[in-house]
Ligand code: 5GP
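Presented as C-alpha cells, the chain that follows is alone, the form predicted on its own.
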Amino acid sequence: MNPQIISTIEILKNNIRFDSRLVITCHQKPDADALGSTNALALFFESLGIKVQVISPSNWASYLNWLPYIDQVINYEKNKQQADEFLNQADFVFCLDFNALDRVHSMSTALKLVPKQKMILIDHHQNPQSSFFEYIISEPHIPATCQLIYYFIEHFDVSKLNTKMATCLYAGIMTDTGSFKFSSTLPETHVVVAELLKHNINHQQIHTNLFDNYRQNRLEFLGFILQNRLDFLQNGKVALLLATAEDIQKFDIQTGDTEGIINLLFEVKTVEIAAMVTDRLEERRWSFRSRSHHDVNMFAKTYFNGGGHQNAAGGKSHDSLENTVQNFKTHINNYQFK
C-alpha cells in the first residue's frame, strides 16, 4: 500500500485517544460499500473502547437492514438536531466513500462547520475535494472503500478484526466489484477477501441478503422499463434506459430498488456504454457504466454535474426528463467510438 497512506494511518493512530469522540459518515442514499465501511470502522473503534456515532445523510435501502451495527446508524434527515450535536462534540469526523461535500446533500452545511483539522477522508473516487480535509486516504484505483477500511484496520490493530467487521467489509467489496467481475478488481482485492473469509463470515448468505432480497414489484418494474423504456444508440454500442416519475409511482419504487439494474444492459454483447436516468421529480438522476477504456467519469463530470470512476459514475440534472435525455443523446452521438 502507498507509504503515505500508511503514514497517515500511523498519525491518526497516535492522535485518536481512548477518550476521543468520533463521528463516521458517508454519502447520501448509501449503498453496501458506504454502510459496510462506516459500520465496520465503527465496530473496530468500539472494540478499542472509543465512542463512535455513525450518521447517514439520508435513509438507505431496506435490503441493507441486515448489516451488523445498522441499528446504531442515525438518519440525518430524520434526526438532524441529534446528529448535529454529535458533530459539534466530535474530536474527529471520518468521511467515507464520497469525494465531495455535495454528495451528502442536506448534511453538507453541518460538515462545512466542522474545523478542517477534525476532518478525515477515506475514499476511492477520483478528484477528492481535499480542501475540506486535514487527513486524506484517497486511492481511486482501489475498487471499494471497504478495501481501504480493511487496510486501515490492518495497520491500526488487525487483532481486533472480527466476524461482524469482516461481514460488513465483504459486503461492500463484493458489491462495488460486481461480485468481483469488474475490471477494477485487483489481485490485492482477492487477497483481502481471502483474509475476510478466515473470520467465519457466511459469504453465501451475504450474497443472498444483497441480491436476492427484493420485493416482487422490482421485478415487475424491471420487466416494464426493459420492454418500454429501453433504447439503443450508436449502432447498439450505447444502451439508454429510462424510469419516469409515473413508472416509479406505479411500481412503488423505493430507495435501493433500482440498484444494479444498469449492469443488466451489458448482457447485450454490443453495448460498451450503458446509461440509466431516473426521474425523481426534484431532479433527474443519471447512472453511467462502461467497458474498457470508455471514461464515463469524465462524461458525467462534463455534462451531468457528476463523476465517480472511469467505468462507473453518476450525475444529476434539473432539466425536464425529456430535455436531459435529449442532452444525453446529443453528447453521446458525438462521442467517438474507436
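In case it trips you up, residue 1 is the first one in the sequence shown, and so on. The structure displayed is predicted, hence computed values, not measured ones.
There is another form of the same protein, the form predicted together with the named molecule; it is not shown, and what comes next is about it.
- Of the stretches 46-54, 66-74, 303-311, 265-273, only 303-311 has residues with a heavy atom within 4.5 Å of the named molecule in the predicted bound form.
- For the three marked residues, Pro30, Asn59 and Asn213, no heavy atom of any sits within 4.5 Å of the named molecule in the predicted bound form.
- Mapping the unseen interface onto this chain, Thr175 falls outside it, with no heavy atom inside 4.5 Å of the named molecule in the predicted bound form.
- The named molecule is not drawn, but in the predicted bound form it has no heavy atom within 4.5 Å of Ser290.
- The named molecule is not drawn, but in the predicted bound form it has a heavy atom within 4.5 Å of Lys316.
- Of the heavy atoms in His294, none are within 4.5 Å of the named molecule in the predicted bound form.
- Residues are counted as partner-facing when one of their heavy atoms sits within 4.5 Å of the named molecule in the predicted bound form; in 266-285 only Arg285 qualifies.
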